[in-house]
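Just the one chain here, the form predicted on its own, laid out as C-alpha cells.
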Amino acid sequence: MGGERGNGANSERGRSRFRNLWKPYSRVPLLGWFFGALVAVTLERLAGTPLAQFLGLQKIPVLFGFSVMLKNPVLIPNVILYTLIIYGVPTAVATRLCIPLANGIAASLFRFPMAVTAAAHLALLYAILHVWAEISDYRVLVLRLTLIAVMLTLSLNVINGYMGEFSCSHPGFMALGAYCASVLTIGLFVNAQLLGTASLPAALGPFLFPVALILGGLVASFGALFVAIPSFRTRGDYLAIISLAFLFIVKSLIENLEFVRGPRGLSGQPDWADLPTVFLWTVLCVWSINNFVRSTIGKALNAVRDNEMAADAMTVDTRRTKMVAFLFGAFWAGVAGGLFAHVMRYVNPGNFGIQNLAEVLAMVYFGGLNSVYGSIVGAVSISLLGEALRPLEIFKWIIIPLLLILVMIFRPTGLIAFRDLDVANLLKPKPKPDGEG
C-alpha cells in the first residue's frame, strides 16, 4: 500500500512539474510559435551541416531523421540529439522569450482588418516552410505533395464528412483536372508532339496557369455530375458504388485515349507549380472550404447529414444542397490534380487508382470527419509518415493500416473531429489572465 501511495505521489509531482513548465507556454499566441519555428529552421540552415557531421551523420536529416533511424538504428541517439539541438531547444527558448513581444505584435495586428492579420501570419508561415524546404530538393518535393494532399483531404471531407456520404470518385476527379490542365499547358505553351508548335509564347504561361487549373477544376465538376445525378436519386450506399464505377470509367477512358498517350502517360508539363504557387492555392482552398462549411449552405449540409427527412421537412432543398457540395468538392480535387501533374511533370492513369483512393480516405478518417483542422492534420501526418517509412518498403503498408485501425478503435471519428477553423480565435493574442502579475 505504501509503495502504491508513493508511486501515486511521484506521478502527481511529475504532472505538477509538467504543468508548471507548460504554464508560460499557454500564453504563447500563434505568432510566437511561428517565431520559434523560424528561429529553429534558420539555425538548421546556418549550422545544420556541421552539427550533423559532428554527430556522425552524413548530412542533414531530410525528414527529422526518421529514415536515418530506420536504415541505421545505431544512429538513433545521434538523430534524437540533433533534433533536440536544432528544433526542440531553440523553439522552446525562442518561444518562451518572445511571449510579451509576440502578444504585443499580435494585439497590434488585431487592430487591422482580419485579412491583413491573416496575411501577416501566412507570410511568416511561408517563410518557415521555405527556409526548411530549401535544405534539399527532396524536402521541396515532399512539401509540395503534402500541400496538395491537404487540398484533396479537405475536398473529400466536404463529401464524406460534412455531407455524410461515402464517395470513392476523388481520384477520378483528380485525373480529370490533371489531364485537362496538362493538355492546356503543354498544347498552348510547349513545343511538343501533343499539339505541335506552341500557340502562345511561354512567357505568358505562368500568368495563365491559374486559368488552366480552374478549367481543370470545372471539368472535374462536370464529371461529378455523372456521379451526382444518378446517385442522389437513391439512398444508402449507392453513391459509393456509382462513384467507384466512375473512377474505373475515367481510368479506363484515359488508358484508351491515344491523344494523351494512353497508359504510357503524359509528360513535359511546364515547371510552374513551384512552392509559392502550391502554397497560395492551398491557402485559397482552405479559406474557401472553411467559409463554405461555415456558411448557410454548410449548415444545411450538416442538417442533411444528420437527418435528411427532417431537413427536407424544414424546407431545406436537400438535393440542391448535396449537388452543390459534391461539385464544390470535385472542383478542388480537379485543381489539386492539375497542381500534382505540374509538380511531378508526368502523369499516367496508374497515379489515380485504388491506392490513391485508399491514401486520401486514410487522411480523411485519420484526421477527423467534419473538421478543417482534422483534414490538415490527417493529410500532413499520413503524407510525412508515408515518406518517413519509405525505407521499410512494403512493411509501411502494414504499419499505416495498423495505425488507422487503432485510431478507428479508440477515436472512431478521427483525431480532431467536428472542428472548423475559427481564424479570429486562432490569431488573437493571449494576454495574462486577470489577477496575474
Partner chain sequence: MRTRSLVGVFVLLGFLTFFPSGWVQAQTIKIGINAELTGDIPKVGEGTKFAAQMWLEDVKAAGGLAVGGKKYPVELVIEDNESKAESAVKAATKMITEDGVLVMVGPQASKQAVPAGGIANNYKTPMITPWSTNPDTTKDRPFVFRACFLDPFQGPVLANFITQEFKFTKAAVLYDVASDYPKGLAEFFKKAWEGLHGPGSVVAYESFTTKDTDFSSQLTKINNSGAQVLFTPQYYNEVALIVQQAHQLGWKKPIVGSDSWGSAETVSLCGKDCYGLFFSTHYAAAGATGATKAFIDRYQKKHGYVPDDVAALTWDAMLLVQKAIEDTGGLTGDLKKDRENVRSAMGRITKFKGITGEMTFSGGGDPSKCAVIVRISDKGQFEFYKSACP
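Numbering follows the first chain given and starts at 1. Remember, it's a predicted structure, so these values are computed and weren't measured experimentally.
What comes next is about the form predicted in complex with its partner chain, which does not appear here.
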item	value
Single option in 305, 130, 121, 345 placed near its partner chain in the predicted bound form, where near means a heavy atom within 4.5 Å	345
Selected contact from 28, 403, 70, 51, since only one has a non-hydrogen atom within 4.5 angstroms of its partner chain in the predicted bound form	51
In the predicted bound form, residue 62 touching its partner chain (heavy atom, 4.5 Å)	yes
Partner contact for residue 265 in the predicted bound form: its partner chain, 4.5 angstroms, heavy atom	yes
4.5 Å heavy atom contact, residue 93 to its partner chain in the predicted bound form	yes
Its partner chain contact at residue 255 in the predicted bound form, heavy atom, 4.5 Å	yes
Contact segment among 212-220, 320-328, 176-184, 351-359, judged by heavy atoms lying within 4.5 Å of its partner chain in the predicted bound form	351-359
